[in-house]
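The data below hold one chain only, encoded as structure tokens and taken in the form predicted alone.
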Amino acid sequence: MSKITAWVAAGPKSTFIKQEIDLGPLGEEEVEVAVAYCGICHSDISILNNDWGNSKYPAVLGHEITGRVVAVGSAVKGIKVHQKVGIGWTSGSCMHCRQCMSGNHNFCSESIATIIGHSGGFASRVRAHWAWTMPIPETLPMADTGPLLCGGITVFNPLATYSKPTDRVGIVGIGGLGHLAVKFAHAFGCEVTAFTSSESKFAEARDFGAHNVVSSRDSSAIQKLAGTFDLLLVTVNVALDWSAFIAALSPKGRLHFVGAVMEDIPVNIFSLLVAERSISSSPTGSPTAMAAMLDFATRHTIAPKTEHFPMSQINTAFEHLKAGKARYRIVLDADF
């Protein structure tokens, strides 16, 4: 089916309007998925507003997609019609460059972002390359798995790479990303400290698995934790007392950013040098990493805490997210 129905943003900061669009012929290596659910991520807002300067309009956003396969191209491998699948931030890569061949597909220079110049998941159907169409384990609920394909892999990847069960890990920001990070870090066996500016989230952070909770705006409280953390995972996009957080790292500790902090981060290199600390960052992850994350989430029964809106209420749902009211990921239920 080339003609589908989608919620389309005509330009920066515009509202979504339901329209019929034409996807064209299905590619040989493409999979077409009937969308059942699609999460809303803060990066959808960033692309809607052109905050990063790379948006393309008209835009069909949505990149935390789950649904059933309805068609496959002639060269598709490993994916079958009727299969339960999901699609995240990336919908395709070249499959032959050094990055793809080494398993780092998400760093492919020709990768296709699901919502930039490509029709995303706020639609009746969506397409992706077969390698980026992720089979969803049958025991994971389709309705709440979508946010794992962006928010989940974004926090899982650095935790899997840089932490071990004996580590003390701090999660900075307990929102859509952070609450999942707390769940994953707890399941890894780490001692988990949650940092949040909202006292209303203290109890929930503990429910998600945090052993300790600290205000992310209380510099004096953070300073008392000097030399504590093997890993601090920053999931927010706002400025904080970075000097205090760097000082809170143990020797060889790492301050790792997955939140898109737009302001420059002041760093005194001596604070890193004397204890061999480091600062790093990462995006989402490869198909292999996403599959590992889904397996881990299945094994440990990890799922996001979600709120659901009918997709026909997409504009209301976006205002709910912009107002900071989401607890903790919003999912749109396709109701075309």
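Here the structure is a predicted model, which is why all the values come from computation and not from measurement. Note that residue numbering begins at 1 and tracks the sequence as displayed.
There is another form of this protein, the form predicted together with a further copy of the same chain, and it is not shown here; the text below is about that form.
Although the partner is absent here, residue 260 sits close enough that one of its heavy atoms falls within 4.5 Å of a further copy of the same chain in the predicted bound form. Mapping the unseen interface onto this chain, residue 162 counts among the residues with a heavy atom inside 4.5 Å of a further copy of the same chain in the predicted bound form. Looking at residue 305, you'd find every heavy atom of it more than 4.5 angstroms from a further copy of the same chain in the predicted bound form.
The closest heavy atom approach of residue 265 to a further copy of the same chain in the predicted bound form falls within 4.5 Å. Exactly one listed residue, out of 168, 84, 186, 118, brings a non-hydrogen atom to within 4.5 Å of a further copy of the same chain in the predicted bound form: 168. Proximity to a further copy of the same chain in the predicted bound form, defined as a heavy atom within 4.5 Å, singles out one entry of 135, 251, 78, 141, which is 251.
With the partner omitted here, the stretch from 98-106, 208-216, 126-134, 191-199 that lies within 4.5 Å of a further copy of the same chain by heavy atoms in the predicted bound form is 98-106.
Annotated contacts: 157, 273 and 280 all touch a further copy of the same chain in the predicted bound form [non-hydrogen atom within 4.5 angstroms]. With contact defined as any non-hydrogen atom lying within 4.5 angstroms of a further copy of the same chain in the predicted bound form, the stretch 61-88 contains no contacting residue.
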